[in-house]
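First, one chain by itself in structure tokens, the form predicted alone.
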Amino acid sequence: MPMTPEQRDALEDVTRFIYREARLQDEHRYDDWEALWTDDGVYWVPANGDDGDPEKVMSILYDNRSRIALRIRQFHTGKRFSQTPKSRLRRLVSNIEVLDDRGAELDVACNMMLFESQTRGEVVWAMRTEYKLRRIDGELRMSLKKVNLVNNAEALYSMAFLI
């Protein structure tokens, strides 16, 4: 079924947002990345599967907005030895979908491959990323980012950079 002009516009806005978010993370521009979050934002990377209640199951990351800010401040201290030197990162993004558009909020998902080059070697992270995006003052912001790593049931290397 063809998209309506409104659906096409929403997909273009979402695509620009996701590409920008990926670039900011790849360039370690975490202060700019942090500005993409709403005040009630939640960042979740589940462990051992893609679902469950993050309050009851183990997570790789389960950060509220305050914890996201703390993680970024810690990164800027230069005392994150697993990020000395910083990982070189590049993401590939595909299959961007607007799953539900409720006007002020959108449910969005995409696939990502992240290549990380670090002194310990090279790692490829594969993931399905889900977002809840909110339109605030004409801009999209993240109220939820959930990263489902393909290998989240395996032992993982440090992810001192943010996925």
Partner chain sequence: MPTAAAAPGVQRRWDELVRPEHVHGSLYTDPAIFQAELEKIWFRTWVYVGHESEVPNANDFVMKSIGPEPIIMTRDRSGQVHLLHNRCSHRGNRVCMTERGNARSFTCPYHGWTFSNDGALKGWPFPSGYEGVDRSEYGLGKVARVASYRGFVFGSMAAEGPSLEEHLGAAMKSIDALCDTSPEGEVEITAGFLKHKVKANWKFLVENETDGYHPSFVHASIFEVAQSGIGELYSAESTAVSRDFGNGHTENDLRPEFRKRDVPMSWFGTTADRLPEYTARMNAAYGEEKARKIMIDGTPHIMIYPNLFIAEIQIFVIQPLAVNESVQHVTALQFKGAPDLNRRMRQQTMGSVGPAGFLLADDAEMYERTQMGVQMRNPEWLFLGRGKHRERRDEDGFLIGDNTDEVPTRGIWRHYRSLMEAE
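Numbering follows the first chain given and starts at 1. These figures come from a predicted structure and were not determined experimentally.
FYI, the form predicted together with its partner chain isn't displayed, but the following is about it.
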Are any of the heavy atoms in residue 129 no more than 4.5 Å from a heavy atom of its partner chain in the predicted complex?
-> no
Report whether the minimum heavy atom distance between residue 55 and its partner chain in the predicted complex is within 4.5 Å.
-> yes
Would you please decide whether residue 102 lies within 4.5 angstroms of its partner chain in the predicted complex, comparing each non-hydrogen atom pair?
-> no
Examine residue 154 and determine whether its closest non-hydrogen atom to its partner chain in the predicted complex is within 4.5 angstroms.
-> yes
Could you work out which of 38, 117, 111, 59 is the residue within 4.5 angstroms of its partner chain in the predicted complex, going by heavy atoms?
-> 59
Just one stretch in 91 to 99, 25 to 33, 66 to 74, 132 to 140 has heavy atoms within 4.5 Å of its partner chain in the predicted complex, so which one is it?
-> 66 to 74
At a 4.5 angstroms cut-off on non-hydrogen atoms, which residues of 69 to 88 are near its partner chain in the predicted complex? List them in order.
-> 70, 71, 73, 74, 77, 79, 80, 81, 82, 84, 85
